[in-house]
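What follows is one chain in structure tokens, specifically the form predicted on its own.
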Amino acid sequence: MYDLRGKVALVTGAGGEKGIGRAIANRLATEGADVAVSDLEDVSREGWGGLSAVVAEIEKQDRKSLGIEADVGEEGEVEQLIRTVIDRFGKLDILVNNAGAPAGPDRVPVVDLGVDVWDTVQRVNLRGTFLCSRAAARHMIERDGGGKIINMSSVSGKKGSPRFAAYCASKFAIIGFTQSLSGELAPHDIQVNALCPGLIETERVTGMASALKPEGVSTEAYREQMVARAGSGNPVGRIGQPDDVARAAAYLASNESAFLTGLSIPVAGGSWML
């Protein structure tokens, strides 16, 4: 357990029922932080309440929370997002850049990849990480109280794969951005690190299965095949879960990682070690 009491965190892309963002937000709250959560919109559906449900979960842990709709690719909305968090909680200590473009439309060969699809992936994954990090870092430097920035890359940010060009490009870039920013912010006692998950069992797997499935195979059947392959090929014998990533994020958000910065850490059960 890590002591995050008195800390304020913001987790972007946290509105999904089975997503990494929800798991991280709840774990940071469990460790004692007050946690703001954001997503593109607060979409609820039957059986799931979106951002509002995540806020309720955090508040059940006797922590303060706030749900904010924001487009991380829009500069003005990001500036307002950070201001809203600071106005509500008085400061921001921990930023988790988890928001990501939907998986699926970009998982095609480069010769078939539309410019608009490419731009969407870079806008959300890379531009969003840049905008949120810049706004948070400005506040952290001015407040002079240190801080933590955790960026979501991927094992696909370490090795390219066919039909993943747009995604890989964005995730490779996040690792480079993390390394550069970590050097700039180290003198201010702000650590910047990236997490690099392997395949994690979230809603995104369905989008990937829909795009990658062979002709004549249903999305659900191919999704099950993807999960089975990932599990059987992993040294620990299973596919990653959102809480696996959340545990790593909690460590990077804590003072226990104070001498670690500029890293890109695989969260992949030993299937990727660089």
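In this text, residue numbers run from 1 along the sequence as written. The structure displayed is predicted, hence computed values, not measured ones.
The same protein has a further form, the form predicted together with nicotinamide-adenine-dinucleotide (NAD), not shown here; the description that follows concerns it.
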Practice task
Sort through Val85, Met152, Val192, Ala136 and report the residue having a heavy atom within 4.5 Å of nicotinamide-adenine-dinucleotide (NAD) in the model of the complex.
Solution key: Met152
Practice task
Although nicotinamide-adenine-dinucleotide (NAD) is absent from this view, report whether Asp93 comes within 4.5 Å of it in the model of the complex, heavy atoms only.
Solution key: no
Exercise for the section: Would you please decide whether Thr202 lies within 4.5 angstroms of nicotinamide-adenine-dinucleotide (NAD) in the model of the complex, comparing each non-hydrogen atom pair? Expected result: yes
Handout entry: Any non-hydrogen atom of Val124 within 4.5 angstroms of nicotinamide-adenine-dinucleotide (NAD) in the model of the complex
Key = yes
Exercise for the section: State yes or no: in the model of the complex, is some non-hydrogen atom of Phe130 no more than 4.5 angstroms from a non-hydrogen atom of nicotinamide-adenine-dinucleotide (NAD)? Expected result: no
Completion exercise
Answer among 152-160, 111-119, 184-192, 138-146 for heavy atoms within 4.5 Å of nicotinamide-adenine-dinucleotide (NAD) in the model of the complex: the stretch 152-160
Exercise for the section: Determine the residues of 234-258 with a heavy atom within 4.5 Å of nicotinamide-adenine-dinucleotide (NAD) in the model of the complex and present them in sequence order; the list may be empty. Expected result: none
